[in-house]
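Below you'll find only one chain, the form predicted alone, shown as structure tokens.
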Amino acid sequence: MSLAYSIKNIPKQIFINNEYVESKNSKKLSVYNPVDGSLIADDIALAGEEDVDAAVAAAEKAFDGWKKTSPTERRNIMLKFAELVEQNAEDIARLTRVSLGAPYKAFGAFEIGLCAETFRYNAGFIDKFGGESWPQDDGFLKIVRNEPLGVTAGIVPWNGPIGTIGLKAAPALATGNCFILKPSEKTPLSSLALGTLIKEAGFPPGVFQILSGDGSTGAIIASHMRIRKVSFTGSIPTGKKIQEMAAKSNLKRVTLELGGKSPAVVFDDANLDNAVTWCANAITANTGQVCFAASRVYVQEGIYDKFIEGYKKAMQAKKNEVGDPETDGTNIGPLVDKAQFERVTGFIERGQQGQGKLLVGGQRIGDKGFYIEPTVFTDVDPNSEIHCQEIFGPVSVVKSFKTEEEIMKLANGTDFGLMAGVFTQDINKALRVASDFESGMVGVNCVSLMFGTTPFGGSKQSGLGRECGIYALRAFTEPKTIMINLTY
């Protein structure tokens, strides 16, 4: 089945109980194209309290049947959905691209592949996610079952609107939960289009639903007394609010994947070309709008000058890859919207006022749309905002260091702890530094990447809990201990 949606006939309604329906809320969302700032639509549904209640009621009605659906049937539905997502990859990516500005080959194809593959991966776990048992030497056989939570929800970000659906919905559905998706108000179009594929794949009504909306919708979800779990990806301030609302309502389970200011530490013995390539790619992928982008680059003083020379050339070359995301050869699109553009350019302007030395970039590209040059600052004050705060754009800072002890203190000296990278050809040093990083993920001779099979998430204020792999399945289930008296 082909979606074949054009901008004129995109789904604008919420998807409840396997049907597109009008929102009870009279307010609407407006969505803009970051290529030129033009309005795409101003009548996208904004789900309110009545709409969330309706979705929850439908999910509650569907839950008992879905959790009792045979593993084979549940697996086949999820595999069918993955197949449909892949079959409609270009149509889905186009609906993301028109509001996010991410080129298909550089990002769209990856994101949709991630969604499809995480559905396949989790579908394969349905009859393999076993419990545990303990010996009955004391007269009691102890069995632990992994049981679904019930009605769950995922609030996904604008910078990865389809890929993150796979990270949240797939493990929730695989473990027998019903799932409500709340896409970002900036990029809701591709998510809303999935309703057609949800129904085509064979999900029963109420099992997988979509509520477009803004922060007010997310707040209703986080505070809802009958939603048992919410998984959120986004900013730290919003994540804190969600955790607070979850605690004050029904103490619902929460997974938070939040911000980052990821360090890449390059030692004197590193392969220089490899380090330059990874660091340049990491800060420009998706126009730097990536939570685990390597935005702090630390280079040992013995190769600092050579690294700077190579990094500057690489970032200058990246400017040639910036352009219209609809054009072949474009790998870097615009920032998502005016607000993000003003945020990033504000950091760059203030950075030039004594925080660091501008090495390359820093200028707007063109006179329309939200394009910005890949930007690097050197000689950065370690207490400055461009060094300490997440910018969420193609902007990095570079600083030299002398000793391992010195750089580990600096690398760990933030409230973030999502991703880190170490570049060296000394395996002992690599493993020692990897162990010392206060970070949920560490790359050795690589940085800013993830795998669907291993835990994804951060430490400190970069998040709570983990996505991907078996850790995601555990996050959407409750262990139940059953004790059998064998002497009765």
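This is a predicted model, so every value here is computed, not measured. Just count from 1 along the sequence shown to find any residue number.
There is another form of the same protein, the form predicted together with nicotinamide-adenine-dinucleotide (NAD); it is not shown, and what comes next is about it.
Among the residues 245, 106, 308, 89, the one placing a heavy atom within 4.5 Å of nicotinamide-adenine-dinucleotide (NAD) in the predicted complex is 245. Comment: nicotinamide-adenine-dinucleotide (NAD) is not present in this chain, but in the predicted complex one of 206, 157, 361, 150 has a heavy atom within 4.5 Å of it, namely 157. A residue is said to contact a partner when one of its heavy atoms sits within 4.5 Å of a partner heavy atom; residue 257 meets this definition for nicotinamide-adenine-dinucleotide (NAD) in the predicted complex. Proximity of residue 324 to nicotinamide-adenine-dinucleotide (NAD) in the predicted complex: non-hydrogen atoms within 4.5 Å are absent; the residue sits far from the partner. Taking non-hydrogen atoms only, residue 410 never approaches nicotinamide-adenine-dinucleotide (NAD) to within 4.5 angstroms in the predicted complex. Although the partner is absent here, residue 234 is a contact residue: one of its heavy atoms lies within 4.5 angstroms of nicotinamide-adenine-dinucleotide (NAD) in the predicted complex. Note that among 315 to 323, 257 to 265, 273 to 281, 296 to 304, the stretch whose heavy atoms approach nicotinamide-adenine-dinucleotide (NAD) to within 4.5 Å in the predicted complex is 257 to 265.
Along 387 to 403, residues 390, 392 each place a heavy atom within 4.5 Å of nicotinamide-adenine-dinucleotide (NAD) in the predicted complex.
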